[in-house]
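Consider the single chain below, provided in structure tokens and representing the form predicted alone.
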Amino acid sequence: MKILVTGKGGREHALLTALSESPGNHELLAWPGSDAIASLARRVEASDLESLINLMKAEGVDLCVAGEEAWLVKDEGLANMCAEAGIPCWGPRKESAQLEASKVFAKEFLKRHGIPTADFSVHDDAASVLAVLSDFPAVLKFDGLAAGKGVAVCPNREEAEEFVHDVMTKRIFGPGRLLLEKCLTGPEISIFAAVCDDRYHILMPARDYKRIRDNDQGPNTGGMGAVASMDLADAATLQQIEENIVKPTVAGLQKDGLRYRGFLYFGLMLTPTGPQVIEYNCRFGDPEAEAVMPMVEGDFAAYCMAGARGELDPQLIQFKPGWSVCVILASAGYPASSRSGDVISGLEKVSRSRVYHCGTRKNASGMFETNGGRVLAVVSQADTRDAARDAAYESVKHVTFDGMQNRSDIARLHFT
């Protein structure tokens, strides 16, 4: 098959690696890809979705796999335009991808279908949300896409007012509404499902770490690490999640006439009263993909193709036993900003871990340097969580660049 993956980060590097390790001699393409991804897939050039579709038709692409979320809702939508061109796409239609693109859409969907989630209110301006802001900690969410940075859990009014000012007055994420949610308590878990019309297949669960510093301190990021294992939650909890959240979500999509073929991410809080939905993402999570993908066995390429054609086949893939731990290395200034151009050393010394490139490029000397906020994902697998964590951090010791940031408690916090 000839397969094109959209995106350029660590998630796409992990997806393309899994596709490259699938049986068969598949030709892989990436748009826009990265210098690191170029070792796995041929990078193609397109100025927009229309030119990308024309390129895929000219290239005879058999399957398009949606990586990053933005193209699912831009213009007519990647999956919609693929369908018009007769190209199978593993990624949802624009109408369905509103589950991620609009927090308001998602909350109203959850409420309409009786799926457990926090109480909320929707606000069009700063004054209206500040007028009802009284309970802390308070959860504030920008309605649109914000690269994982549009959510703030504010412990006091001062921080809440600052976030409201940034989002609603300064408009750092652009125009959009703001949600105020009741703050849920409990451990978080990320559940992934492959959804194909009225069917679904639940994949390996994961847990990510959003805060920039140890002990969940500091501002939210796109994710500073993740842990994945089939043993992350007990069977009773996973059954409860399936019955109360996954199954009614898929039924709700069908009832609302929202066609969905692709990965669906459920960000959940395991509250004292049961699992509740924090958010949906209409693609694989990042950095969870970097933790989960190395655990996939079987024919991942055939799995994605079957799903895109409406023939979901869970038997095509399996998941390894044990644990996978991902540690993110971030650039100086992240998450408020990011510094590019810092040369990365020691990659050739990493032998016990996979390294996925999230935000790198090659300089004129052919060396990798930083090119974004999250720079690298260092990932290790082992029979036990402790062994996987130790292996990942041992590999991290070899990699250096100026201003490098990483947490030291990935796969330790929430487990002690």
Ligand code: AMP
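None of these values were measured; they are calculated from a predicted model. From 1 onward, residues are counted along the sequence shown.
Beyond the structure shown, there is the form predicted together with the named molecule, which is absent from this document and is the topic of what follows.
- Message: Under a 4.5 angstroms heavy atom criterion, identify the one residue in 184, 101, 316, 87 near the named molecule in the predicted complex.
- Response: That would be 184.
- Query: Which pick from 139, 312, 238, 245 sits with a heavy atom within 4.5 Å of the named molecule in the predicted complex?
  - Reply: So the residue touching the named molecule in the predicted complex, by this definition, is 139.
- Within 4.5 Å of the named molecule in the predicted complex, counting heavy atoms only, one of 337 to 345, 169 to 177, 247 to 255, 149 to 157 shows up; tell me which. Checking each option against the 4.5 Å cut-off leaves 149 to 157.
- Query: Would residue 232 count as a contact of the named molecule in the predicted complex, using a 4.5 angstroms cut-off between non-hydrogen atoms?
  - Reply: Heavy-atom contact with the named molecule at 4.5 Å: absent for residue 232.
- Task: Report yes if any heavy atom of residue 279 sits within 4.5 Å of a heavy atom of the named molecule in the predicted complex; otherwise report no.
- Result: Yes, residue 279 sits close enough to the named molecule in the predicted complex that at least one of its heavy atoms falls within 4.5 Å.
- Task: Consider residue 123 of the chain shown here, and say whether it contacts the named molecule in the predicted complex, taking contact as heavy atoms within 4.5 Å.
- Result: Taking the distances in the predicted complex, the answer for residue 123 is no, it never comes within 4.5 Å of the named molecule.
- Query: According to a 4.5 angstroms non-hydrogen atom cut-off, is residue 94 in contact with the named molecule in the predicted complex?
  - Reply: Output for residue 94 is no: heavy atoms all beyond 4.5 Å of the named molecule.
- Item | Check all three, 118, 188 and 269, heavy atom within 4.5 Å of the named molecule in the predicted complex | Each of the three qualifies.
- Partner contacts for 203 to 218, taking the named molecule in the predicted complex and a 4.5 Å heavy atom cut-off: The one in contact is 210.
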